[in-house]
Structure formats: C-alpha cells, structure tokens
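The chain below stands alone and is given in structure tokens; this is the form predicted on its own.
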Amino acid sequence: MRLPFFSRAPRPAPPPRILLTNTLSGGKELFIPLKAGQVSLYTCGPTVYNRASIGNLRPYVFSDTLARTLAAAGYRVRRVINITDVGHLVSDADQGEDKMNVGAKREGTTPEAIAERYMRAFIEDLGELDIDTSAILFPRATEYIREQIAMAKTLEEKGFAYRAADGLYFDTSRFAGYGKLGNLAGVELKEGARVAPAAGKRHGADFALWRFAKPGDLQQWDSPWGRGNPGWHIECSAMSRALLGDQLDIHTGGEDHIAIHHNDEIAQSEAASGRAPFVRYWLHNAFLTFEGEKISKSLGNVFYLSDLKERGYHPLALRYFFLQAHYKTPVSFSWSALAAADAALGRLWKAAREVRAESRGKAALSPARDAFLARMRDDLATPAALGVLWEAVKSEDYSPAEKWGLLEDAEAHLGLRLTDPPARAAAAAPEEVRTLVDEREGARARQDWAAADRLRDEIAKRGYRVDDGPAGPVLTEAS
C-alpha cells in the first residue's frame, strides 16, 4: 500500500556560531539566547548632565557593532540604552551631589531642561556614527520612578533592604556571591574608596536604593520611605525588567561599571525576581585615553564629536578609529591617529565606489566573505575583519561581484557606509584659496605632483592647510 506524501516546510537553518567573551565567566563562550531567534540587549547609557565626549561614545559603537553582528546572523535584536536623568551622584560610589543638580546649576536652568538638551545631542551623535537610533529604546530614569520604588519595596519585603539615616539600602551580606562579576566576590570593599560611608550603613558595599530628600535637591518624589529620589543602580534593573524582562541575554557597558554598578544590578535584580542569572552574557569595552593620559576636563583633553567635524574629519572616522582595535583593548586617541583613520576610511570609500561601478551592484559569495564573517563572529574581532576586507578589495584574485558581496557584509557588520560612501565638502575659505584648491585637484588628476606640491605651498602661504580627505580636499586654518 502506498503511503500518502506529506510536504513539510524546510527547517530554518541553525544560527551561525557566535563567540563572546563573558565577563561573568572570564572566558569566551558560545552565544545561546534565552529565546530562539531573539536577543535582548541592554546598554548602560549616559548621564545627560553634559555632552557626551568621544570617550563616552566608544561603548555605543561597540554595542552597535555587536547588535549588527547578531542581526546579520539572523537574530531579532531588541535594544535598550537607558538615559540617566536622576540619581547618579558625582561619585559612582553613591557620594556627593546629583549630577543633574550640578548641570542645572551650572547652566542656570532645570534638570529637565538639560536632560532634554543633552539627550537630544547624544542621540544625534549616535546617528552621525551610523547607529540606527529608530531601532533602539531610550527610556529615561524619571519615567520609571514607580517601577524603581516597586522594586525597592519588594527588596525590603524580602529582607534584602534596610533603612538608614539617609535612605533605604541594599544589604549585600544577604545576597550570596555579591561581587561575582569580575571575580570580585569576597573582596573587601573599603569605605571612602569604591564605596561611600553613611550613618547607619551596615556594610561597606551596601548601596542606596532610595535616598531621602536633602536641601537643594531639585528632583524629588513621594515614596513609602518618605520624599526623596532613587539610587543610581536601581534604575537599570527597573527599566530593563520593565522593557526586556527579568532575564536578559546581553548587557554591555564600559569596564568601569564592573566593580560597583553592574554587580549592584545583579544583586538587586536577582534578589527581587528570584531568578538567576539576571544576565547571561556581560560584555565590557575598555577605556579611551588621550595620548596615553586619562581623559579629564582639568587636563584639557576632552573632545566632542563636533570638535572632530570642525577640524574637517567625518564622524565615521571616529567609528573606524574605534574598530581598528578590539573592543576589550584600551585605545589612546590622538589627532594624528584620527587623521590616519580618516585617510584609511577615505581610501576604503574610494575603493568601494570603484567596486560598485565595476560590479554594477551585483554581489557574489567568496572565501573572503567567509573569512570576514568568521572573524566578526569570533568575539567581534574587528581589526582582523578589517584586515580581511582590505586584502580582498586590493586583490586581483576576487571578481568585482565577489568584492561587492564582501562590502555588503562588511557594511552590515561595521556601519561605515561602505555601500553608500558619503560626500564631504571642503571647509569654507576665501575665493582665491578655493580656486587654488581646485587647481591643485586638477594637477593631482593629471598626476602633476610638482604642481600639486607648489599649489599646496601657495595655499599654506594664505593661512590654510589642505589635506586629502575621504571625499576630496579638506581645508583647515593653519595653526
């Protein structure tokens, strides 16, 4: 007897292997999401009492590269970057005045006004770094006061919190394994160093869930413990829980958050929900320094994305600069290093235009593409991936279609506008200077290098410097 034939839809291909270095374990692990095909990704956002410096922007280029890599592998990525507009004191160790108070007093306005101003500036900076902000939720801490109070109340009811002279504190001695992130469990935390002393505080590592209002506090709310404001750490736990659930796939941030902020998040989140782990994969990026020194306003080495643009650099030169190093590697910023990154990106854009014309936008697979994907999926090895990309686009062993296919994948992962290179105008200058620039471009096109050098000198005599940028000449006033 002949059995009937039943057609079955083909099973979806399993997602590719992606390896990530998990701060929780200290090693590289195979990524396995909580729900098949979906990824919840939370990134610690800025405290919007001031503009975000270029150093502040590194974590978001890193988390965006991660999100791109996961999305390119077929995952649906749900992203949250919180906006801290209350609760973060001038010391990360729960000490001093609220940063929003500081910013409001500095500018003679309200915390709400500066929060709006600098949140918008931050989101605009992300957009200029080719980060799709429309695909990210940006919750503000002040919008989730009720959720923060509810979580703190739950912790108190469960015996994880106690009242002290200045607020409600989390009792770290009640949470087994406090400090497990970064292998800090059992490490003595000294008051006055990484944690702040307070009257009635039981243990050095205990942290504020709710603070009683003090004279001069510009932001206050009613709560079961009296009028006041939330601690900094609880906002991330409350907002991530409200938007992504009790357990997350990935949480990212700067390495400076490991010791206190992220260990506090783990303790209060797992204690409140009774579910562990709060986060399956913790990923942290290293710092940015300036010519080997710590970035500090007192040292005069704090720069913003607008400063780079004013000097004639494209914002994506900063993204390229970050991608030249692995996210866990400290990076030292200098103007010469940025200029080199800008020039390299310019050459890559030029090559991409040529490949697009030669391939007519038709893509093909290649061994170079496989090599590129392998490096990106091995803990976001962006320096090695860029090496593969450069070698392939310069090689004669690959067809234009194969190169274009690689460029499409590279754009999906790196976010450098490789498939649609931007144009960039030269800086404003007097008519005679712009005429000399045009003449020099003509000499370069004819490969008359002697004339090009002579014209460069003529431009310099008029107080301008001309550099060969990604989309043509970049003029700056000579210093």
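For every residue, the number given is its place in the sequence shown, counted from 1. Predicted model, so just to flag it, every value in this text is computed and none were measured.
Not on display, but discussed next: the form predicted together with adenosine monophosphate (AMP).
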Notebook entry, point to check: Does at least one non-hydrogen atom of residue 46 fall within 4.5 angstroms of adenosine monophosphate (AMP) in the model of the complex?
Noted result: yes
Next item on the list: Classify residue 256 as contacting or not contacting adenosine monophosphate (AMP) in the model of the complex by the rule of any non-hydrogen atom within 4.5 angstroms, answering yes or no.
Entry: yes
Margin query: Please determine whether residue 392 contacts adenosine monophosphate (AMP) in the model of the complex, using a 4.5 Å cut-off between heavy atoms.
Written below: no
Notebook entry, point to check: Is the gap between residue 368 and adenosine monophosphate (AMP) in the model of the complex 4.5 Å or less for some heavy atom pair?
Noted result: no
Check: Counting only non-hydrogen atoms, which stretch in 125-133, 332-340, 308-316, 246-254 is within 4.5 Å of adenosine monophosphate (AMP) in the model of the complex?
Finding: 246-254
Check: Though adenosine monophosphate (AMP) is not shown, can you say which of 184, 72, 286, 121 has a heavy atom within 4.5 Å of it in the model of the complex?
Finding: 286
Checklist line | Selected contact from 295, 344, 218, 150, since only one has a non-hydrogen atom within 4.5 angstroms of adenosine monophosphate (AMP) in the model of the complex | finding: 295
Margin query: Within 4.5 Å of adenosine monophosphate (AMP) in the model of the complex, counting any non-hydrogen atom, which residues from 47-61 show up?
Written below: 47, 55, 56, 58, 59, 60
